[in-house]
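Next comes just one chain, in structure tokens: the form predicted alone.
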Amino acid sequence: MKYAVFLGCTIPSRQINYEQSSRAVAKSLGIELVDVGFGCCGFPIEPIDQVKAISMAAMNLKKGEEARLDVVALCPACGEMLMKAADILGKDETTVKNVNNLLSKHVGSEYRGENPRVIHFARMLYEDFGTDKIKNLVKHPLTGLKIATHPGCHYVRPSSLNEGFDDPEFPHSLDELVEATGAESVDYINKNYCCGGSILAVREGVAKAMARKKLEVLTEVGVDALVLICPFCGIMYDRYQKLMNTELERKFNIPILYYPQLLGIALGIDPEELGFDVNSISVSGLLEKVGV
């Protein structure tokens, strides 16, 4: 199994533990992640200039196609942007013309409509690799851990771009991936709520309130960790949890793990290879609980 890995902008700069653990897990599973020089997906500027955003995505699609590899994205928003761009460019000739005018002017290239398959890292593990294989490779079952999952907003939405993968209202694939490690996936009332990251730059107070509501529920449920698959969700629940602990009388202590970090423990990978030193909320108690 071999994929072109799309890291996006946030992961290398602010959430390196997600990249580090994903590469370690992929290596352990025999999956090759190839770096092909991708740039920004275009998602951050889409509300301002859609044509420029799609042009940025088109250049990345072109690089994936030239590498002759499926593209696996760690960031759900990046994956959505690439899939959305391919969909629009396949239907709207005017957008193709405008995109190629930009690409020709600025980079001397053009989009020719040959798109690689784009898939999120978690979906790749779930569909291409398979939970049964993961179960068979687990060396350190995480029996006894109560894990809450946070699928986030972009992982399986819009469903029209995800070929019917999972349920956009009640997604379950991440829960099944968690249970493949031997841990218990715990249901809770606001599982599908947004983390608040999408409005952090314009309404920080509201964004923090959105994150705090979930942390309050998870504290009452009594989970060992929250597992997620999006770098912005990681910022909101991990880094901002630490910040909120300095601002509020109520203190939270919920470890936030990217799924590859959880899976890495179960596969017997050395915790030092999984980037736990980058996590804002200590995971030492969780590691002790599972005897690592």
Partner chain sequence: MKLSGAVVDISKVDTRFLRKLARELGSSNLSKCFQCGVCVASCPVRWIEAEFNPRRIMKLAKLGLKDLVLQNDFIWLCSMCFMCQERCPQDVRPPEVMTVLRNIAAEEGIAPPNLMKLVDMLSENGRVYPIDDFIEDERADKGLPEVVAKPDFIMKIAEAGK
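Residue numbers count along the first chain shown, from 1. Keep in mind that what you see is a predicted model, and the values were worked out from it rather than measured.
The same protein also has a form predicted in complex with its partner chain, omitted here; what follows describes it.
- Among the residues Val221, Cys194, Val138, Met124, the one placing a heavy atom within 4.5 Å of its partner chain in the predicted bound form is Cys194.
- Residue in contact with its partner chain in the predicted bound form (any heavy atom within 4.5 Å), chosen from Leu215, Ala86, Val186, Leu102: Leu102.
- Although the partner is absent here, Ser284 is not a contact residue: none of its heavy atoms lies within 4.5 angstroms of its partner chain in the predicted bound form.
- Under a 4.5 angstroms non-hydrogen atom cutoff, its partner chain in the predicted bound form lacks Gln241 among its neighbouring residues.
- For the chain shown alone, Ile48 is a contact residue for its partner chain in the predicted bound form, at least one non-hydrogen atom being within 4.5 angstroms.
- Its partner chain is not drawn, but in the predicted bound form it has no heavy atom within 4.5 Å of Gly30.
- The chain is drawn here without its partner chain; in the predicted bound form, the stretch among 196-204, 129-137, 178-186, 67-75 whose residues come within 4.5 Å of it by any heavy atom is 196-204.
- Residues of 10-26 placing a heavy atom within 4.5 Å of its partner chain in the predicted bound form, in sequence order: Thr10, Pro12, Ser13, Arg14, Ile16, Glu19, Gln20, Arg23.
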